[in-house]
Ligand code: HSE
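Let's start with one chain on its own, the form predicted alone, as structure tokens.
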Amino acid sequence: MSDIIRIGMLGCGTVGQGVLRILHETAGTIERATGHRIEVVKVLVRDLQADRPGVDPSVLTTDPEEILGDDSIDIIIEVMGGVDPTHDWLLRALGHGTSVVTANKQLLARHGPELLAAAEEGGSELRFEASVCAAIPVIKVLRESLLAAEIDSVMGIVNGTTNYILSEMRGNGMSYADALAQAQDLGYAEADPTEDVGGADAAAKMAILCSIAFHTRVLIDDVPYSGIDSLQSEDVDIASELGFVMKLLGVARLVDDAVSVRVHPALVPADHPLAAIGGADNAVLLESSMVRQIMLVGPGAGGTETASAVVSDVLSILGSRPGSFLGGALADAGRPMAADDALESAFYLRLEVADEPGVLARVSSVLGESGVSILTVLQRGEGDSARLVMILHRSPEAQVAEAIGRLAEMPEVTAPPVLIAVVGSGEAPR
């Protein structure tokens, strides 16, 4: 006879309803494979009268105590989102020995270490595959398959909204505003897209990935980020002309055994694996001296996709002893955060300048005095002004920042310089 696993769920929106549907449709398979029969006993909702097709109304409640105070519940699934009161509720559950599955990236990026400590103390498990890249099992791969691979870098497109917008700007010549509006119409972007286009969503995901890949406690406040909301269509077009593709990337690596992580727009060579990832898809590129490169690609959002990742975590809990995999995978190695001046990068630089003799030479001189060299120059005249587009060789970022500050003060430079990182195996397309 199969053991009964009692589940309580916090939240029953699109993802929550998807979880209930998958658990119902696959109940027989789960029982045969695990020897456990899953029973959802309570689901917390805001409104008992809301329409939830296929959901048994007898399990619904508006009282969180019917879940948090029920010692017979084995696993709590959290799909309600938000930091408060979710944070206190999950701490309480984990501390009392109830395992938790969550899709809440912002909560984990802010309070992950605290929640993990509560799980360890309570002898419970905290699983969160659905918090990053939905159906792509990147956390499971890092936590289990590549646990001993000593990951050197994690680079990825971890926000589908921005990837869709940039794909439309490049492929169909759309403006940023039009591409964003289309993404909203298709459900790829929220009515308020600030977290997505501003980079905060990707920063939260990179904090979680870094914590696992580098065995280091990384929070969202450790991740500098910028988004695509200030990008101009002309920069996307010029990047394409030069053989690059514009992407919003999360980039993390070890620099002298310290963790460097950030989110920013970047130019990717057209032959780079990440350049081909279009639409709303996500992709994460993992690099290690042991396994070279592994790239995981797939849908990074969507109710059904996220729900499938939640159910996968439930099954992982059923198939493992409490605390076994997760505690070891997130052991704290004590690595510090790398200083910004320790990093090097190649860059795309666009300058609007007065169209007069000697300007390019003076710009080159400023860059050279800061120790920054030029790989490629593209110059276009437009009446009394000119546009200079340069690809700069890899240089310490502190030196590049110094040079850009000096260029911005030049009287010949008529608009703020535009600087975008260039990433990939080389500094220019092959």
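Each form is matched to the other, and the largest set of C-alpha atoms that superpose within 1.5 Å is called the rigid core. Everything numeric here is computed off the predicted structure, so don't read it as measured data. Residue numbers run from 1 along the displayed sequence.
Beyond what is shown, the protein has a form predicted in complex with the ligand; the following relates to that form.
The closest heavy atom approach of Glu190 to the ligand in the predicted bound form falls within 4.5 Å. Although the partner is absent here, Ser260 is not a contact residue: none of its heavy atoms lies within 4.5 angstroms of the ligand in the predicted bound form. Although the partner is absent here, Asp201 sits close enough that one of its heavy atoms falls within 4.5 Å of the ligand in the predicted bound form. Contact annotation for Gly156: none of its heavy atoms lies within 4.5 Å of the ligand in the predicted bound form.
For the residues Thr161, Ser167, Ser345, Ser316, the 4.5 Å heavy atom test against the ligand in the predicted bound form is passed only by Thr161. Proximity to the ligand in the predicted bound form, defined as a heavy atom within 4.5 Å, singles out one entry of Ile151, Val311, Leu116, Ala301, which is Ala301. Of the candidate stretches 90-98, 168-176, 248-256, 201-209, only 201-209 contains residues with a heavy atom within 4.5 Å of the ligand in the predicted bound form. Contact residues in stretch 137-155 (any heavy atom within 4.5 Å of the ligand, taken in the predicted bound form) are absent; none meets the cut-off.
When the rigid core is held fixed, the Cα atom of Ala189 travels 2 angstroms or more between this form and the one not shown. Once the cores line up, the CA of Thr14 ends up 2 angstroms or more apart between this form and the one not shown.
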